[in-house]
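Here we start with a single chain on its own, the form predicted alone, put down as structure tokens.
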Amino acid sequence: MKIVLLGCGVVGQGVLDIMDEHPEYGKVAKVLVRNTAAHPDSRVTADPEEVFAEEDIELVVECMGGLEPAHTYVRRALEAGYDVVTSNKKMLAAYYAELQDLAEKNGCDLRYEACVGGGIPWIHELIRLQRIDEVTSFSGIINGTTNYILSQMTEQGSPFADALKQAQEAGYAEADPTDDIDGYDARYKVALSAAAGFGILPDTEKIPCWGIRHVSAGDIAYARENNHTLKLIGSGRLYDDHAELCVMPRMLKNTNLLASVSVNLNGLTAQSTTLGPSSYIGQGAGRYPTAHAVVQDIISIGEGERTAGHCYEMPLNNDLTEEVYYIRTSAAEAFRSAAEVIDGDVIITKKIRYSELLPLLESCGDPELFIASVEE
């Protein structure tokens, strides 16, 4: 199988390393990079036209990251009838419907195992479950960077700024950590999990998204004192006529399996009709775990395995589930109507729907508010 690789950064280089060690999986003929001087390999080029002019291409692997030009190149590959493997969750979440339609129209496969869960075969398992079952919900730690930060704060007592710096030094966080600590990375992954597990096309921008940028040692201490552990959780639940999707910190009971998933690991659980809960824990990021997932997709395509990509639109509605929320804010009085307990700057709400709480969150005027749902 003749392959062209778009992007040779952290993940792309890992893919190239594995493929060169295992030529039986396919031959990487061309590698598109921004700076050829940084890659002393005869296969590299900075010219996309040279890549797409390569004869007898069978598969395009995209590991560039970002929206453009990755989206344009993947679209071009699908229009030309090439199968595509991508690790680019941000791009795919933004253009999923368009690209899956193109793949279906042109008889191509569009695979994205590496977009969610790193080395965990999460997307594969969601698709596999559906051969027998309906996937009714999923939930989990879906971002290794935030899990590392929260683990350092919980287990080592590190302040947030120090834990973030440690994550950056370890290679788990980018120089600009916005996508991770504000929850956007997890939101892309929730959208793609819903596509694979529920067969729906969510509007990513409409998924409620709360990150950990403003988490404090006091929030960690409150969870500990109440036999809970704080994690950033991405979740989804499927109903007959709508879906609930959300990214939010959650105070998990210490008896919850996910409470023990530490450092940069991911942990995900799917609920399906006859199997019940099935859980997966493993490396959620990094060069070789993510590259491993890309190569697994390459092997599957080489073996002729196809995935069903068609999805349908379904409205999002987070109105049915009532939760208890922990809120820390300088504007505590703004939440009196929703509060069960007010203790200084901390509010514990009564059981309430997110849609009832949202107007209070939006109008309280506290840009450093921290919110977490509480597992009862």
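In this text, all values refer to a predicted model and were calculated from it rather than measured experimentally. Heads up: residue numbers just count along the shown sequence, starting at 1.
Form predicted in complex with L-homoserine: not shown, discussed below.
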Which single stretch, out of 203-211, 140-148, 127-135, 74-82, brings residue heavy atoms within 4.5 Å of L-homoserine in the predicted complex? 140-148
Under a 4.5 Å heavy atom criterion, is residue 180 part of the interface with L-homoserine in the predicted complex? yes
Residue 89: touches L-homoserine in the predicted complex, heavy atom cutoff 4.5 angstroms: yes
With a 4.5 Å heavy atom cut-off, would you call residue 231 a contact of L-homoserine in the predicted complex? no
Consider residue 189 of the chain shown here, and say whether it contacts L-homoserine in the predicted complex, taking contact as heavy atoms within 4.5 Å. yes
Of 164, 196, 285, 93, which one comes within 4.5 Å of L-homoserine in the predicted complex, counting heavy atoms only? 285
Counting any non-hydrogen atom inside 4.5 Å, which residue from 173, 270, 252, 295 sits next to L-homoserine in the predicted complex? 173
